[in-house]
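So this first bit is one chain, no partners, the form predicted on its own, shown in structure tokens.
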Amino acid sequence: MDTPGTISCDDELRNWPAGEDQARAVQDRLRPHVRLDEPGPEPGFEGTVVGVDVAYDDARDVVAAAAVALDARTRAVVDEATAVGQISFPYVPGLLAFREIPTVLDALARLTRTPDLVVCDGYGLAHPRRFGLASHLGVLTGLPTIGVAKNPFTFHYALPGPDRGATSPLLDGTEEVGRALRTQRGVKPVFVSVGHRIDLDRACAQTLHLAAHYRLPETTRAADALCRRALADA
């Protein structure tokens, strides 16, 4: 799934870090490859948007990943795939991508179509090192990616207005690293950040389009349900 100019997934997976210092060095090395100069696809574009998510069984050191492809215009599921693997990295806040990405890449590779946009249940630039799961996955695959998280991580924000579509900056000091987005009236916001090859306005617009009826985007809801089923069957 590599595109010209991207990092080689195969090389990265062969040299996957086993410890925290190595993982942080990988983040530092790959972070300059994040592309922030593209607007990304418009909401409702003709193409495929894929949600990815993982579920863990820590007692067995097993992780299950799901990739669910939706028609970007109608939000209908058009393809899905799962993968199950062994957890190969410890739980360390800020380094969760190293637990998830190998199995997520496996699930993505099993899809019958190439995504035009990937939505991660997690963070992109809204990360202490500005290189969360969505950015890491985007750099490895070359695909446009966004992170849609359920909580603000270590960052602060003012509550957005009560109406659907209201936003407020997600801040690290004075730096905007993402946005709190109200996807449904009277429901807690989600936290959107750029991953790779999309801007923040478009990332929020995509999230709002995909969250037509519920707090979370349909991509995340479908991938969450599928990875839980895959873990139960593993």
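In case it trips you up, residue 1 is the first one in the sequence shown, and so on. Keep in mind that this is a model prediction, so the values were computed, not measured.
Keep in mind that the form predicted together with the DNA is not shown, yet the notes after this line are about it.
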*Residue (of N151, T74, T112, Q86) lying close to the DNA in the model of the complex, criterion heavy atoms within 4.5 Å*: N151
_Option touching the DNA, based on a heavy atom within 4.5 Å in the model of the complex, out of V118, A107, L140, L133_ = L133
_Considering non-hydrogen atoms and a 4.5 Å limit, does the DNA approach P160 in the model of the complex?_
no
_4.5 angstroms heavy atom contact with the DNA in the model of the complex for V78_ = no
*Check whether Y56 has any heavy atom within 4.5 Å of a heavy atom of the DNA in the model of the complex, and answer yes or no.*
yes
*Non-hydrogen atom contact L231 with the DNA in the model of the complex at 4.5 angstroms*: yes
_If contact means a heavy atom within 4.5 Å, which one of 167 to 175, 31 to 39, 47 to 55, 205 to 213 is the stretch that engages the DNA in the model of the complex?_
47 to 55
*Using a 4.5 Å cut-off on heavy atoms, which residues of 172 to 199 contact the DNA in the model of the complex?*
none
